[in-house]
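Let's start with one chain on its own, the form predicted alone, as structure tokens.
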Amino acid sequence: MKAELEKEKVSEEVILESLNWRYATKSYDKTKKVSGENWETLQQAMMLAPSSFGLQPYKALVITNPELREKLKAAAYGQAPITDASHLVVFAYKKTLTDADVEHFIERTAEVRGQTRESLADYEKVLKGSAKRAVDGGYVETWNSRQVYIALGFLLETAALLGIDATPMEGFDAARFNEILGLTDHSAVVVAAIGYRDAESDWLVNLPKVRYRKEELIETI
């Protein structure tokens, strides 16, 4: 398997070309839809994203109902990508972590790796202790919400490699999103619109990408 990956890996040139090509698309072509095959790849990319302890304390809600997307658009200050993009993903982090959450994860670990629950007892204890510290320390929501952005990053880069546009968005009323989507134990934190740019009407499409120089951003110590 490793030999196959080495042979088929994406070249450095393709990666950088794809990342330079992508931008936060402002105008989407409503007539172009992401294929089922490509969408499955994007979903798998989100699922394969790492998270602290592997707990994945969030949901990725794929909004397909047009009426629901119109309501979300109103709660996102009228931003067109909410309704115009092929797909819309609302990332919502879990507001807390409980023993039940850890136990569910341990059960899944035992299932996937063919282990017994007993063999994972020490690991389960560590996870429950970490979760309790996060809850008692008042930082569990911060911790959980940070995991979301790793999955978002995987989604954005994979989309770019596939030649698909993606727009990460934080400009929305999270409380209103939660109400519209019926979220109680989760809270919306970031949105990703996925589709294909309308190059003729997007004012941003031909502008150079602005980033700080490497020397300003990356420091080797």
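The numbering used is simple: start at 1 and walk along the sequence shown. This is a predicted model, so every value here is computed, not measured.
The form predicted in complex with a small molecule is left out here; the points below concern that form.
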query: One stretch from 157-165, 46-54, 62-70, 22-30 that, in the predicted bound form, holds residues within 4.5 Å of the small molecule by heavy atom; finding: 22-30
query: Every residue of Val90, Asn178 and Ala192 near the small molecule in the predicted bound form, heavy atom within 4.5 Å; finding: no
query: Touches the small molecule in the predicted bound form: Gln79 (any heavy atom, 4.5 Å); finding: yes
query: In the predicted bound form, Phe105 touching the small molecule (heavy atom, 4.5 Å); finding: no
query: Heavy atom of Ala174 within 4.5 Å of the small molecule in the predicted bound form; finding: no
query: Any non-hydrogen atom of Tyr149 within 4.5 angstroms of the small molecule in the predicted bound form; finding: yes
